[in-house]
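A lone chain, given as structure tokens: the form predicted on its own.
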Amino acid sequence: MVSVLPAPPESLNAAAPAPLRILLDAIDRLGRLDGWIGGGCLLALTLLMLAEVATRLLSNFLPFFPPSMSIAWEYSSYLMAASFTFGAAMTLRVGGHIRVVLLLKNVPAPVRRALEILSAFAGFVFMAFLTSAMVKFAWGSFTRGQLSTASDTPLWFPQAVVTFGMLLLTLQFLARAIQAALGLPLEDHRMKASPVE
């Protein structure tokens, strides 16, 4: 019995030169991973808040139950920051960020392409600066051995997680600038959870 595997979806970067195609496809895969990690962080945040509510409810009826979880609010802030940064790269790739497209829809294609290249490069430069600042911030927390006051969590760990999410968005902006320069599709609608429009 012969099994036939489905063909992998064709890369939207197929028209790019081989080295760039490999790079762009790798960034797209990282963008997908980014979205899944962001979703996982959001799920963990939801479960943590439900556990906090359940703990408070049970403490009303069972006197030995603690009235709250000491780490709930601290870890919820870490998870919220992580879910924001981890969802950003995939959101950029699917075209989900808020953009003002009035100008883009009313200019000729070459001007639109130049504006896309310019805006993607500006996003890359800004995110590269922000990511490098976060690397220094997390490294400083690591070298000083800073701990959170509520749970003694090493602060470099949540800072490094957020920094990694920012790095993925930086790479996605770089990929978008390259894709715009090569005339490749800028958005991958196959990554969306459900078709829109």
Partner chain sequence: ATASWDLSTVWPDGNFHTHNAKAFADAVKKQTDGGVNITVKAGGQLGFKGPEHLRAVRDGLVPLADVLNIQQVGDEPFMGVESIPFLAVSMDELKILHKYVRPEYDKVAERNNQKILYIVPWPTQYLHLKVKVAGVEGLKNIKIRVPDKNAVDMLNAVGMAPVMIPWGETIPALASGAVAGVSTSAVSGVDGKFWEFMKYIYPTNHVWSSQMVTVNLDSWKALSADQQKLVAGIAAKMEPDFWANSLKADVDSLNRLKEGGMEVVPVTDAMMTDIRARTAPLLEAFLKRVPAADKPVRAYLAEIKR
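Residue numbers count along the first chain shown, from 1. The structure displayed is predicted, hence computed values, not measured ones.
Below, we turn to the form predicted together with the partner chain, even though it does not appear here.
Chemist: Answer with yes or no whether residue 59 is in contact with the partner chain in the predicted bound form, where contact means some heavy atom within 4.5 Å.
Modeler: Answer yes; at least one heavy atom of residue 59 falls within 4.5 Å of the partner chain in the predicted bound form.
Chemist: Looking at the partner-bound form in the predicted bound form, is residue 144 within 4.5 Å of the partner chain by any heavy atom?
Modeler: Output for residue 144 is yes: heavy atoms within 4.5 Å of the partner chain.
Chemist: Look up in the predicted bound form whether residue 26 has a non-hydrogen atom within 4.5 angstroms of the partner chain, and give yes or no.
Modeler: Heavy-atom contact with the partner chain at 4.5 Å: absent for residue 26.
Chemist: Going by heavy atoms, what in 62-83 lies within 4.5 angstroms of the partner chain in the predicted bound form?
Modeler: Heavy-atom contacts to the partner chain in the predicted bound form: 67, 68, 70, 73.
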